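Take a look at this one chain, the form predicted on its own, written out in C-alpha cells.
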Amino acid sequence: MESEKILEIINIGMKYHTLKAESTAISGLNFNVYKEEFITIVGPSGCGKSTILSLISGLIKPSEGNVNISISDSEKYIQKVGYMLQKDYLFEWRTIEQNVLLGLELKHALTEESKSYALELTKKYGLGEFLQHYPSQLSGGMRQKAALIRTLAVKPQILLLDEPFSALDYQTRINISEEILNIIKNEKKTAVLVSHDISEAVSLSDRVIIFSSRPSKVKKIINIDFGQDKLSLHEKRNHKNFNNYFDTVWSELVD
C-alpha cells in the first residue's frame, strides 16, 4: 500500500507480573496502519486484542518495542487518538448535547469554534434534533452514534474501536456499523477495530489483521477488496468474494 503510514507497531512485547509469576501476553508484534485505512484485529479470546488498543492510546506502556504515531505538524488535532469502547458511557443526567461536548470540556478545549464543529457533526449525522434529549430516550444505535460524535469532537486522526457494536441486537448492529463506517470514511479518519465477529471484520475493513494465540504475534494479514467502491455492508456480505474472505479468516482462527 502506497498510502501514508500513520501508525507503526514495532516489535511490541507485553508481560504481566504477579507475586508468583510472569506471563507474556504479546511478543514480537509488528504491523503498520495507513492514513484513512479501516483495519480490524481478530484473534482467539485472550490474545491481547484490546491490550494493543490500550498500547496505541498510551493508556499502558509496552514491556518492549515501540508504538509510533506519525501525524504531520500541519495537521492540528486536539488529541491524536480517540477511543470508543464497548459501552457508550453516556452520562444519563446530561443531555446529548452535553454528552457530545464532554470530551472537549475534559480537554479544556471547549471554545465557540470547537463547540460549533461538534454540533455541526450532530446535525450532519442525524442527531441534531435529539440534542436536548437524554440518553435513556435514544435507541442503542443512536447512543453509539452520539458516543462516536463525542469522540470525533476532539478531532482525533486515529479512532480505536473496541467492539463498539457488541451490545446491540443483530439488525441494529448491521445498521449502526454501516452508519459509523460511513461517518469515519466521510471524516477521513483512520480506524482500528477489535472484533470477534468475522462477518463484521470482512465487511467493514480494508485489511483484517489476525493475531495468534498467546503470546500474540501477527499470524496473517488479509487485504479485503470487493472490486467496487461504496458497496453497502449488505452488498458486501452477498458478494462472491465474501465467503472466501470469511473462510480464510476462520481457517486461521481455528488452526
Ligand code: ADP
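Only the largest set of C-alpha atoms that superpose within 1.5 Å between the two forms is called the rigid core. One rule holds for the numbers: they count along the sequence shown, beginning at 1. Just so it is clear, the model here is predicted, and its values are computed rather than measured.
One more form of this protein should be noted, the form predicted in complex with the named molecule, which is absent from this view; the next part is about it.
Original post:
Can you say which of 200-208, 226-234, 50-58, 31-39 gets within 4.5 Å of the named molecule in the predicted complex, counting heavy atoms only?
Top reply: Contact criterion met by 50-58 only.
**OP:** Examine N244 and determine whether its closest non-hydrogen atom to the named molecule in the predicted complex is within 4.5 angstroms.
**Re:** No - in the predicted complex, heavy atoms of N244 and the named molecule never come within 4.5 Å of each other.
**OP:** Mark P215 yes when one of its heavy atoms lies within 4.5 Å of a heavy atom of the named molecule in the predicted complex, and no otherwise.
**Re:** P215: no, not in contact with the named molecule in the predicted complex.
Original post:
Looking at the partner-bound form in the predicted complex, is A25 within 4.5 Å of the named molecule by any heavy atom?
Top reply: It does: once the named molecule is placed as it appears in the predicted complex, A25 has a heavy atom within 4.5 Å of it.
Original post:
N186 near the named molecule in the predicted complex, any heavy atom under 4.5 Å?
Top reply: Contact with the named molecule, no.
Original post:
Who in 11-43 is close to the named molecule in the predicted complex, meaning a heavy atom within 4.5 Å?
Top reply: Read in sequence order, the residues that approach the named molecule (within 4.5 Å, in the predicted complex) are Y16, T18, A25.
Original post:
With the core lined up, does the C-alpha of N244 move 2 Å or more between this form and the one not shown?
Top reply: N244: C-alpha displaced by less than 2 Å between this form and the one not shown.
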